[in-house]
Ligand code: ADP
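Only one chain is given next, in structure tokens, and it is the form predicted alone.
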């Protein structure tokens, strides 16, 4: 289906679905439904069993033929499609994720994922290569040669999601996608959907009766007895809209974030610009980095090294010049470090500085992924999908100031059985301290 420029990716007008029309057992499954969905939104259709949620989703998927009304997707009324056009629409424009997975038990996992491209004649090597990429992304590549009956429910749902993505659809339709899963698998699948929405920019329309999932939505459509009761814009959506508008007005929004503690400092120096305050903070940044990476040197060497580090953070010394200055002998005006120690120290300072510079508060989800990868390279964290999602989501919440520093550390220290990361206290404290250090360095004034 050719793509058409439109603000709304889906427009539903006066949609009615009536079963057994005119008979004594007539049921009005949908009653004059009017909805508009924007591209890249996450919409949750919420309501009790039998309220019309799945009928609405199936109508958007073109499985249901409405009694009356129109469903325009990318500017075309899908109700006008013939059966062949509907099949192409379902293969290319929408990807379906079902509660009961709908995998073919006689096919291996890899072949189940490949299936959507078989109908378009994509050669075996190409479709298998793409399928393996999705399986690796969802951490189930080691299940590729197994049959669906040999893997867990959570793994089967990941296979289902991978299959739904094979033809690169713009819209993901998910009908109770975690209804048959245990709590840990629910967490992992919802994290995947969040990533598809925020990173891959997929429009997600999800049916659920579980109120715990509503926090993920941009908008919630409440439905009862086939009628839309209300449509609620969530806090997530309001904040995204506010940040987008703020970004247009302030070019520096993407690069500058002021932690709450620093706002108190700014209130004490109202006559100074944020840039001036940023410079005043440099010595504090230096001391914090230095204390974290402290080596056994004299007080005089400490003072010299911190002076050179300040110039490095301010940009008047590059990394090589910083190394040369602390490696140079005291007689020659340097800090007199041992060469190997100087090299290690400068490299570590540079690692923190460069990693901090990558933090982008306008895209906290992407920044959280980068920081997660940073920490798993530095510390022995068991790389299960659950733990990786806990670490990533906790970092994102800290960047958004939804978690305090102590609460962030508590999650890292808490056992997995209590929805924590399960690290030992020392490692949890180190990671929490390093994240605060990165946030401090990132603050540019």
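Predicted, not measured: the structure shown is a model, and the values here were computed from it. Positions refer to the first chain, counted from 1.
There is another form of the same protein, the form predicted in complex with the named molecule; it is not shown, and what comes next is about it.
Though the partner is left out of this view, residue 54 does reach within 4.5 Å of the named molecule in the predicted bound form, counting heavy atoms only. For residue 61, no non-hydrogen atom is located within 4.5 Å of the named molecule in the predicted bound form, even though that partner is not displayed.
In the predicted bound form, the named molecule stays beyond 4.5 Å of every heavy atom belonging to residue 415. With a 4.5 Å cutoff on heavy atoms, residue 49 counts as touching the named molecule in the predicted bound form. Of the listed positions (39, 27, 404, 410), a single one reaches within 4.5 angstroms of the named molecule by any non-hydrogen atom in the predicted bound form, namely 27. Heavy atoms within 4.5 Å of the named molecule in the predicted bound form are found in exactly one of 65 to 73, 383 to 391, 415 to 423, 27 to 35, that being 27 to 35.
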